[in-house]
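Heads up, the chain below is alone and in the form predicted on its own; it's given as structure tokens.
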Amino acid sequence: MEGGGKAEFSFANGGVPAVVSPRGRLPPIQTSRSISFKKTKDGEDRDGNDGICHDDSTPPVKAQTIDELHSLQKKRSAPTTPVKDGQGAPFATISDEERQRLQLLSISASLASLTRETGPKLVKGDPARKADTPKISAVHHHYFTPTISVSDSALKFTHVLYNLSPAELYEQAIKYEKGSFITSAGALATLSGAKTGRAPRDKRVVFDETTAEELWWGKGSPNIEMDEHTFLVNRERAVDYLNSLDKVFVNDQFLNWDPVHQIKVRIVSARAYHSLFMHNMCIRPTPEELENFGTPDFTIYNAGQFPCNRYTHYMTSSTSVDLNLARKEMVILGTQYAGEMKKGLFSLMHYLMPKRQILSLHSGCNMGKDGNVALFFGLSGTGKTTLSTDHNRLLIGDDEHCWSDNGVSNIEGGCYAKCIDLSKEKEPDIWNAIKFGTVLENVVLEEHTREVDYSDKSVTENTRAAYPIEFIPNAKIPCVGPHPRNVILLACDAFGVLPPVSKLSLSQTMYHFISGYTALVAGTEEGVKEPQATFSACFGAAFIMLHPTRYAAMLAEKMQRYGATGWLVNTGWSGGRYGVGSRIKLAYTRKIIDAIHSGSLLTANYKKTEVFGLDIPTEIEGVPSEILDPMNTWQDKAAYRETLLKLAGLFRKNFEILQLAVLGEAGDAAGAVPLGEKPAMLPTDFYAAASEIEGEGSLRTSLPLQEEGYDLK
């Protein structure tokens, strides 16, 4: 060999090189010296290091067993909480062992049984990997002697899987939860069991001295009462079930991006799917915030795999979703649908925030580069998600917000998007957000490729994706913004009689906000083509806790104080009802929304409609002028007026349900009253706005029409 020392070879056949065919197999070669090569200036390969090949072998690992080898694979992160001299957060100056002990004591207290008055013995980690569980994690309790015999549950440890990462939760779901798969896009596809949507008829709220005065009860209210005793029965059933398991998942997270009004929540669940869902939907704490989390403000016990006792008072099925505002707890039995947790927390915020004079809103929210914030209200199918997602604007949030004196803030840390018929062309942002870390509920997969068929409704039409908001490219982090300039109420009017856009007075905004109208097509029943009107107070009646007039009064007060303008935008039909006319083109609606954002629509010329008393613009750039007045697009003018009056009658009928709690004593309605006082009172021109629905119709009250500019404080 040229250019260096000799290489010593030995051959398996006694030193004679074997002659083999090109396809034959050479005998194994053993080297007593190794060779490495390097390039010379003339391009030839030369051996380096005096002809000795470089030996890239390393000393063997120190592990003596496979378990020890696996333990070397995982790196433990050191605590990151800085110690602040003289200030120090509660855990900042204590040892890691003490911090972990206090953390487990807090979780144990959350899982305390009412009969034993103490929580279970806890240990951190997966019971399947007991060798990895540090001994210091165990929390022992000295049990007193109760009047009942001690059960075997007092002799066992419950393992706590605390704030696991998405990767860890994937592993838990794939290994232990049947029906969990990784899709071709990297999302975790899972099943929610028999319930694939919320069960509003099974939702209960504890009726006590406080809630009796503060909450909205009775006809039209979403709040169905239960007593304290029944709640405790269900709580004990849920806690006993969770304590009977070898492991539970615990999430400690936040609600509301406004740090001044942030709420600490703890979610205890039995499924990795539920833990990952809430990891995505709530605000994820930093390591420092997690180390100093302390005691939560509210706790969810999700024992959804276990049914409630149907013979328990107030129970009407095996499902029960119970909210106790005094105990700051929520119990879920008999449903594994994850949306119950999300909306249960939203109901909580609808109660807590107004007590702080903060308006909780079921709305989307985005912001222009100049700080121009818009709120989007709308029921399913109105285009709220589509119109609030704008590549030219920053997304603050898609569903739940607070409006305080600091501005707007998103309540959540993620998005919960419908997936039925999802396509990359129609919803590119949602499509691209479905990747590793995203939870896909109840979708259908191709068996081999694991590709999702978003058009398949075999499991349910209510297929959903839950993902962190930062998966949206133009999300604004942190999810806060200044006071809104525009409040946009969306209605998909399948009757085809509402204008594409109307500018609303303050009282009209309150009225349409309380009404929460949209109209959809019946669709599923053959031969039924008549549109179906839907009214949902405050565009989220299923989640509000107080009477809708209270939220409307707060909305008007904030709009007046901060100079916001109200708009009613129809994304439904024009030229006739469904089946006769056609749906307003999305391109035209986007032009309307753009004109609202730019402020150009404020200076347009307007004319007033006879029914509803709406101000409609006569011209908008990029939108055909003839469609701005819906009467122009109907060939049969008599049919138009008949349909318009029919819709007005539906509005009137819906308002009558709410009207009982609107008028104050002697009709004196100067403003909103504090929580706990009845009834809710609104400005007198609000009633005039209601009466304008039918011109000189039956809703007109004897109250005089006041000038706008009232004070609701």
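Superpose the two forms; the largest set of C-alphas matching within 1.5 Å is the rigid core. Residue numbers run from 1 along the displayed sequence. Just so it is clear, the model here is predicted, and its values are computed rather than measured.
Below, we turn to the form predicted in complex with a small molecule, even though it does not appear here.
> 348-356, 626-634, 412-420, 314-322: which one contacts the small molecule in the predicted bound form at 4.5 Å, heavy atom to heavy atom?
Of the options, only 412-420 has residues within 4.5 Å of the partner.
> Just one of S507, N280, T571, N366 has a heavy atom within 4.5 angstroms of the small molecule in the predicted bound form, so which one?
Checked against the cut-off, the match is T571.
> Within 4.5 Å of the small molecule in the predicted bound form, heavy atoms considered, which of G344, G576, G381, P222?
If I apply the 4.5 Å criterion carefully, the residue I get is G381.
> Does the 4.5 Å heavy atom contact test between E427 and the small molecule in the predicted bound form come out positive?
Taking the distances in the predicted bound form, the answer for E427 is yes, it comes within 4.5 Å of the small molecule.
> Taking 4.5 angstroms as the cut-off for heavy atoms, does L215 touch the small molecule in the predicted bound form?
Because no heavy atom of L215 falls inside 4.5 Å of the small molecule in the predicted bound form, the answer is no.
> Is V205 close to the small molecule in the predicted bound form, meaning a heavy atom pair under 4.5 Å apart or at it?
Looking in the predicted bound form, residue contacts with the small molecule do not include V205, since no heavy atom lies within 4.5 Å.
> Given that the partner is absent here, does Q172 sit within 4.5 Å of the small molecule in the predicted bound form, heavy atoms only?
No, Q172 is distant from the partner.
> Taking the rigid core as the reference frame, is the Cα of N570 displaced by 2 Å or more between this form and the one not shown?
Yes, its C-alpha moves 2 Å or more.
> Given a core-based superposition, decide whether the C-alpha of G334 shifts by 2 Å or more between this form and the one not shown.
No, shifts by less than 2 Å.
> Does the C-alpha of C492 move 2 Å or more between this form and the one not shown once the rigid core is lined up?
Indeed, C492 is displaced by 2 Å or more.
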